[in-house]
Structures are given as structure tokens and as C-alpha cells.
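There is one chain below, alone, in C-alpha cells, taken in the form predicted alone.
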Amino acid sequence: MKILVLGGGVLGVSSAWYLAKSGHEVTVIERQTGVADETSYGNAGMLSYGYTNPWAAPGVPFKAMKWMMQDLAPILVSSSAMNGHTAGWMMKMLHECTGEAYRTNKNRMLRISEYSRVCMDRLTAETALDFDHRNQGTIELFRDQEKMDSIGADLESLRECGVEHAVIDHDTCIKHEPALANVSEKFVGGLLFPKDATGDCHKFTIGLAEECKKLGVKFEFNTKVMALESEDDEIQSVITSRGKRRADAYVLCLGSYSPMLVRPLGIKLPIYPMKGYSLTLPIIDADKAPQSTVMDEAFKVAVTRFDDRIRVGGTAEIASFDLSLKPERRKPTEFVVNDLFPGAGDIENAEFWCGLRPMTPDSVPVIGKSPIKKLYMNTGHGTLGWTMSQGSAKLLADIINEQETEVSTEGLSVDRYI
């Protein structure tokens, strides 16, 4: 088949890879000058296969109000973004803040994340991609004993899904991350995910795009996707800034911009552009830097090690499509990296970045067939697009190829919102 992949982020390029591997003629359409130049560019760098949690959880509404009154708030709401669309999405998310919904959503997310780990292992064994890849796990670090004692429900979900994990004490945290010995009084213990990994998503996607080209995948850069033309509930063509393109199938990988494209087709895709920030610091003292990823549970900030850099990702801002870089938004990420790993990175020469995480109300991505013939979706991964990229793309390719999938597709398609 001739397939058009709409979007050149990590999800789009990964989809192209698996579709081309199965023999299809694939073209990726991307509005930027290269791949992974938007949301996939500066994410936290975590391949958090085990550390996978829905944002909607019991108690989150109360916590969110409390967080927003903190100086170093992990979640912020921009007054200029408060409108009917934002309020509607927030109400949908509130409906997911029950114990039953949390367990259902977490299990669906873990299913994709764990599968993605398997697919990533296969890919890295097959290709020689260079993306600062490390397989040394993630530690969710707890500053407060009471909070650490309250993770029973999460542990139950991890056991149900067969995710390897371990509750570790203070000294074991230091054993895994020796630099934490410098701030020994700052934490009480952690939750270790030994099979989690790290890597530079931007470098990975560029490398995978080169592998795609070897399989014949074509890339049309500087090309905006304007609209989808349909007739009798079937996509006929995609209208781009460079004219119409026709194919046998179309794959939607436009992240936060996906709802705009399918709304005229009558598909209400509840994806919100949750703004996130990161800092990337050159390492100036490797002995004081993390070895893998440390997630500060209190501030929801991840500190991740690349080969010669530290990536610090955090802060969720409800700001619609505002991509302005506000200096005050650096505070949480700067505080955490300086507090946990003082002297490790050059904060004065850090690269400050923001991007839009395509969040669904239940935090579960939208993967599979759409109600419109020939249109498929691989979007809405929120903060876990990098983590879920390989499993999502392989799953989608199997669906398009009408092959039996290696994991269940239950609860993943857009049908759950219709």
C-alpha cells in the first residue's frame, strides 16, 4: 500500500519505520525542516516503561489546587488559556479521577509501555542508532516518608502488569545513584524501575529517519498538512501547502494538532496541548551528575543523564498553544537539579525549551482505526510519546496490516470517546 504519515515527530517516524519494514511505500509529511523539531526535541529523555502513571488519579483535583499555590508548582494554569475548550477538557479529566478509572487507565498505559520496551530492545539490536542510550533504570525519589508509604495502589498495578520494580531504602538509592550521597538528607527512599532507560529522543528520531530512508521512506519537509478530504466516510486525499496527496491509507501523528484536522470530519478527539519545559545542561562534574533518571516525586521533575549533558524536564502548564518561553518557568527545573545534583551541570549555559504534550483526559494514547475509512491514528501520548513510541508504532502497523497484534488493543482506539 501507499501510506502517508502525517507528522515527523518520534511517533510519525517510528510509524513509518514499522510500515516500511512490512513492505509499504511510505511518505512522511512534516511542516518543519527536519524530524523531531517540535515536541520530540527537548523532552525529559526518560524511557519510563515502568514509571508510567495517568495524570488523572484520586485526590489529584485537591492536589492540583494545592500545587498551584506553591512557588515551585508542578502544574500551572494560564488565565489567558481558560476558555470553553480548556474547561471542557479539564472536566473530562476530572471524570477519570476515580480509583476504578485510574486502575483501568494505568493498566492500559503499562501494556503499551512494556510492549514498547520489548520493541525498543529489538530495534536497538537490529540497528546501530546513537542516541545517548542508557539502560540503568529510573528511581522515583521520595522526600517524604508518608508519601512513600502511600504507593500501595501503584504497586498493585505494577504487579498485575508484570512490571519489574522494587521499593528501595535510602542507602540503596545512593547505591544506584552515587551522587545522591552529596544530598543524603534530602530524601527517604525510592521506587526503582530497573528496566527503564534513557536517551535523547531528538537524536534517536534523526537516526531512525535515516534508517527509514534506507527502506525507501520519503520525507516531505516544509510541508503543512491543511485538511483531509473525505467522501462517503472515506479519506480521499490530504491537502497540504504543496498540493494534494493521495494514498491508500493515512496515519495521523500530529500530536496536539491532531484534533484540528479531524474535527471537520465529525471526530471529537479530546487531546489538549499541555505545555512542558526542560533545561539541558552541559556536565561540568560527572561525579556529581546522575547515572540514569531520578524523578523527584515532590516536584514532578525528572533529572536525566545523557552522555555529556543533563536533561531536566518538568512543569505542566495549561496554556493552550502558547509556546512562549517564560523565564519564571525555569524555577522548578533549576531548583530540583541544583538541589539534588549541585555542581553537576552548567546552569548558566543551559538550553531552555518548551513543547506541547498531547494529553488525553485518561492519559491513554489513541492508536488504531478511526471511524473514517483509510484514516488511522497514533497520537495523544501526553508525556510518554518517547516511551511508548515503538510499541505504539508496531501495534499500529499490525492493525493496518490486519495481522494479529502481540498485545491487546482493548481501550486504545478513538472509539472509547465516541
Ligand SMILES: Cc1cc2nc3c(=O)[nH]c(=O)nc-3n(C[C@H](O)[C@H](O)[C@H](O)COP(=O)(O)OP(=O)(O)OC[C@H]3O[C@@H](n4cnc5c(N)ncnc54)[C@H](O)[C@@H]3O)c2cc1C
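Being a predicted model, the structure only gives us computed values, none of them experimental. Each residue number is its position in the shown sequence, starting from 1.
Keep in mind that the form predicted in complex with the named molecule is missing from the display, and what follows is about it.
Report whether the minimum heavy atom distance between M120 and the named molecule in the predicted bound form is within 4.5 Å.
-> Looking in the predicted bound form, residue contacts with the named molecule do not include M120, since no heavy atom lies within 4.5 Å.
V10, heavy atom within 4.5 angstroms of the named molecule in the predicted bound form | Taking the distances in the predicted bound form, the answer for V10 is yes, it comes within 4.5 Å of the named molecule.
Closest heavy atom of Y272 to the named molecule in the predicted bound form, within 4.5 Å or not?
-> No.
So in the predicted bound form, does T383 come within 4.5 Å of the named molecule, heavy atom to heavy atom?
-> Yes, T383 is a contact residue.
Just one of 221-229, 86-94, 153-161, 134-142 has residues with a heavy atom within 4.5 Å of the named molecule in the predicted bound form, so point it out.
-> It is the stretch 221-229.
Quick one: from G50, G391, P358, P54, grab the residue that has a heavy atom within 4.5 Å of the named molecule in the predicted bound form.
-> Filtering the options by heavy-atom distance leaves P358.
Which residue among V336, I310, L254, V251 has a heavy atom within 4.5 angstroms of the named molecule in the predicted bound form?
-> By the 4.5 Å heavy-atom cutoff, the listed residue in contact is L254.
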